[in-house]
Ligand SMILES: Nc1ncnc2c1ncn2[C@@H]1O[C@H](COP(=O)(O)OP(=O)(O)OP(=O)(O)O)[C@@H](O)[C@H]1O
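Here you get one chain, nothing else, as structure tokens; it is the form predicted alone.
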């Protein structure tokens, strides 16, 4: 039998504690190791018992669940918190996003919802610890830094932009597809778009592409793969972009391994100036491999509590994986002036700056999706297309200034081509 998930329950209502204990007692992989009647007692018990999961109520005496969650995030970081809150407590949910809670259950919730949430948070924590252990081990045996010439050569290879969202429905794939097309048009460079949502990728549909072949066709010939063969498998998209599509059927996703992806991206970096990667929400080994080597990570969110909550968790995971905040670009999609949230409130919740906003234009977006035509080509003058072009400019690496020759008298540079 696998190791049990140790759970601590914190709630000031005795009947709730009893019901949750009874419910979880039927699960062979879950063990309730303790209970507490308020946040202060919950923190004390967590320090003593080191549970894998803490189920935390919000409204409690002495110390409420929000304060307790903030304390646990700092002092018992290995015990992630699942907040339990009654319906309508929107203000508490906003505060909980800041406190460090991993998930939120709205009362009344079902037993299936509770158990699924506990297992999901636990599995994510285990994967994070496993990845951190591998990263640490790799760091201890890291080779010496390459010579300057080799570093420069690596930097001149294709830039990888990894698009991620912890929740579906925020428009991540649509933004990635339109950005790839816009980047090819704006830079005139070689652009690749890779669909790494291996089971249910939508890039082919969004661009109305022939999906008769995909990444698994490369896998079948991985030992004989060369750049010419990769070009044959990739599909032609608008403005000359090349698209590597997901497998044609979801069950084929299991054929793709980390080693396959590592070898494919090694070749893509040599072939293209810019590589746009559309990922799935699941941070499995393949996504973590590309994420670790991406030049920029574009996190897409929207103006909803679930989307913001999942973005909060994603940013914490990236931080725990030692991904520099400088590499992360936070993008707010479907921005709406009439929403009860705005850029400032989202930034306050996430404690992370928003680099760009894509306006909400449902009619234009729906037409673009249904016809398979990127809106940056059909409506380049629209505000949504302008924001995509602005994002292209933000993602492109800033060229280093050319050093001026030394002279006795230096004249200030003027005109359109003066360096800023």
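Predicted model, so just to flag it, every value in this text is computed and none were measured. Residue numbers count along the first chain shown, from 1.
Although not depicted, the form predicted together with the ligand is the subject of the following passage.
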item: Complete contact of 78, 103 and 317 with the ligand in the predicted complex (any heavy atom, 4.5 Å); value: no
item: The ligand in the predicted complex: contacting segment from 37 to 45, 24 to 32, 56 to 64, 354 to 362, heavy atom within 4.5 Å; value: 354 to 362
item: Sole residue of 173, 99, 85, 287 within 4.5 Å of the ligand in the predicted complex, by heavy atom; value: 173
item: Contact residue in the predicted complex, from 333, 216, 71, 185 (heavy atom within 4.5 Å of the ligand); value: 333
item: Residue 197 within 4.5 Å of the ligand in the predicted complex, heavy atoms; value: yes
item: Non-hydrogen atom contact residue 169 with the ligand in the predicted complex at 4.5 angstroms; value: yes
item: Residue 395, heavy atom within 4.5 angstroms of the ligand in the predicted complex; value: no
item: Contact flag, residue 384 vs the ligand in the predicted complex, heavy atom cut 4.5 Å; value: yes
